[in-house]
Ligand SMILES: NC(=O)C1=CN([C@@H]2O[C@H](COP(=O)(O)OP(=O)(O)OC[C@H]3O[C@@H](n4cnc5c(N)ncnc54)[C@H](O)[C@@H]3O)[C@@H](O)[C@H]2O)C=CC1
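Here we start with a single chain on its own, the form predicted alone, put down as structure tokens.
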Amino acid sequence: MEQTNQRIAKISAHLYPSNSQHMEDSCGIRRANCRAKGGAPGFKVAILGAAGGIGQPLAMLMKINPLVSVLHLYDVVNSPGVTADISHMDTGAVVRGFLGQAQLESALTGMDLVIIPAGVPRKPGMTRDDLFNINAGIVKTLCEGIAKSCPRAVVNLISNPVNSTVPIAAEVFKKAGTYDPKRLLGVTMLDVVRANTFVAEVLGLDPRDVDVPVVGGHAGVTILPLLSQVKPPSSFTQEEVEYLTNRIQNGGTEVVEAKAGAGSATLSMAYAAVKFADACLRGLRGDAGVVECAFVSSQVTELPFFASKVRLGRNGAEEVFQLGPLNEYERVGLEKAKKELSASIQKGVSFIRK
């Protein structure tokens, strides 16, 4: 019986670190003495907003990732249930759940990678600006926690509007004295995933064989697919270029309208987030030649932040690549993108500095 109690206490300590205290008296097990057995070698990853529409499939897919040894799931609601559910999967990562702001620090301590899908989703008729005031405050709080508990972690920021939330995160880290521009990455991978899919449809190819660089930002006209640089090299009619550019820029709206009030892009976003997180983990591991698009601190244009191809390594975004040759259509698109992007970045900076 004693042995059974001890095993139950150990399992409980993994799932609900905060609840393990009440197990202490019954079997003399302290939380500090509970250690994960049989965990895989790998990285420690935290998901902030793990019980949400993106967070849940994202957590499930990260639990499957062989590069993850410890997975911390944090949210202000429902994280114990999601944690219990995902912890039953027979993969190497040890899962622990954290509920509410009082446990944010514990959720973040010792993490290598922090993925932030927290926030409210876009509903029909909402612009990304409508999301701003709610999500800006959430991102600020979470980034203050990161600055305190894991200032060296690589941060993958998904919370919309990314064009404004990445500058908010940067300002929070600057205030805390922990800012490393290489370690803060806005996740624009869904734009790339969509571009690969839609271009593959037009070309009649498998999307896995297609690579479309998408630069600029992560909303509307700031999303600029560079169709002149598609791999494999391909030519498009003007009509195809306009159709593809428009569809890639409005992919989010396409999903919001199709779900008719029941949500936004959650499953494709979770897939894209995991694809990007996996690239970050391979970079942290020291793999060579890991290149993906991300919204980062940048000198590619006159703007302080911009999405372009980056080389991921042990320190995050170790190299930010130039845009390469653009055609006339892309040059016009770039000017439009920069104009809108500039205002969004400023909005984020002002939110913290005001």
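Bear in mind that the values here come from a model prediction, so they are computed numbers and not experimental data. From 1 onward, residues are counted along the sequence shown.
Below: the form predicted together with the ligand, not depicted.
- Determine whether any heavy atom of Ser228 comes within 4.5 Å of a heavy atom of the ligand in the predicted complex, and answer yes or no. Output for Ser228 is no: heavy atoms all beyond 4.5 Å of the ligand.
Inset, instruction - Give a yes or no for Gly119: in the predicted complex, does one of its heavy atoms lie within 4.5 Å of a heavy atom belonging to the ligand? - result: Output for Gly119 is yes: heavy atoms within 4.5 Å of the ligand.
Can you check whether Val241 is within 4.5 Å of the ligand in the predicted complex, heavy atom basis? Result no; Val241 lies far from the ligand in the predicted complex.
| message | So, Ile54 and the ligand: in the predicted complex, are they within 4.5 Å at any heavy atom pair? | response | Yes - in the predicted complex, heavy atoms of Ile54 and the ligand come within 4.5 Å of each other.
Query raised in the report: Candidate spot Ile138, Ser159 and Met269, all three in 4.5 Å heavy atom range of the ligand in the predicted complex?
Result: Looking in the predicted complex, the three residues Ile138, Ser159 and Met269 all sit within 4.5 Å of the ligand (heavy atoms).
Check: Since the chain is shown here on its own, which stretch among 196-204, 257-265, 146-154, 229-237 would lie within 4.5 Å of the ligand in the predicted complex, judged by heavy atoms?
Finding: Going through the listed ranges, the match is 257-265.
* Would you mind picking the one in Leu190, Leu281, Ala93, Ile86 that has a heavy atom within 4.5 Å of the ligand in the predicted complex? => The option sitting close enough to the partner is Leu190.
Q. Taking the ligand in the predicted complex as the reference, which of Val274, Met111, Val172, Leu131 has a non-hydrogen atom within 4.5 Å?
A. None of the others qualify; the residue that does is Leu131.
Worksheet item: Can you name the residues of 67-85 that have a non-hydrogen atom within 4.5 angstroms of the ligand in the predicted complex?
Response: Tyr74, Asp75, Val76, Val77, in sequence order.
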